[in-house]
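Listed next as structure tokens is one chain, alone, in the form predicted on its own.
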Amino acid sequence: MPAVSGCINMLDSETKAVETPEDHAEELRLWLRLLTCTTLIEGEVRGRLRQRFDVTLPRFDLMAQLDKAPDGMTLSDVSKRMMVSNGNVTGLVERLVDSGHLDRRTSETDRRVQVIRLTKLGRAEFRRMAAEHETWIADLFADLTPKDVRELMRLLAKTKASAQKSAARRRS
């Protein structure tokens, strides 16, 4: 086993999983299955949005966030909810403002902050897309029974909690 930067020859979890996968075979298979499902579903949604509406998934996601906030949101709040940088949101916002889908104004409480919201056109177009999006998602999960969906939701909540605890342990 190679030494790393003069450290003691100990395997961390990541290295151990790679070098001795039999110790973590089920966890690795689960991770790959989750990733595969996510990639498959996201790719299908991206393709349908592009084909049906000539819209990107990030644009749809931004509009979805704003549809939930009729009074608008700050760019910072939008980027946190979308889990992307302010810089990524700025370009999307510019294009949606230019196309008449978003309105941008200065915050009444802080002149340095911009608040964005959907225009009537933006809200109408988003809701039309969202209605079709909902049917696509239902179609993608059509072979799951309601019981399957509940069980999967329960297990994914448990998975999320486990990942959050692991991340908190790593940070502390």
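Please read these numbers as outputs of a predicted model, since none were measured by experiment. Position 1 is the first residue in the sequence shown; the rest follow in order.
This next part talks about the form predicted together with a further copy of the same chain, which is not shown.
- Of the residues Arg127, Arg29, Lys120, Arg105, just one reaches a further copy of the same chain in the model of the complex with a heavy atom at 4.5 Å or closer; this is Arg29.
- Listed residues Val115, Leu140, Ala69, Val55 were compared with a further copy of the same chain in the model of the complex; Leu140 is the one with a heavy atom within 4.5 Å.
- With a 4.5 Å cutoff on heavy atoms, Arg59 does not count as touching a further copy of the same chain in the model of the complex; it lies far away.
- The closest heavy atom approach of Glu44 to a further copy of the same chain in the model of the complex falls within 4.5 Å.
- For the chain shown alone, Asp110 is not a contact residue for a further copy of the same chain in the model of the complex, no non-hydrogen atom being within 4.5 angstroms.
- The partner is not shown here, but in the model of the complex the stretch 139-154 reaches within 4.5 angstroms of a further copy of the same chain through a heavy atom at Asp139, Leu140, Phe141, Ala142, Asp143, Leu144, Thr145, Asp148, Val149, Glu151, Leu152, Met153, Arg154.
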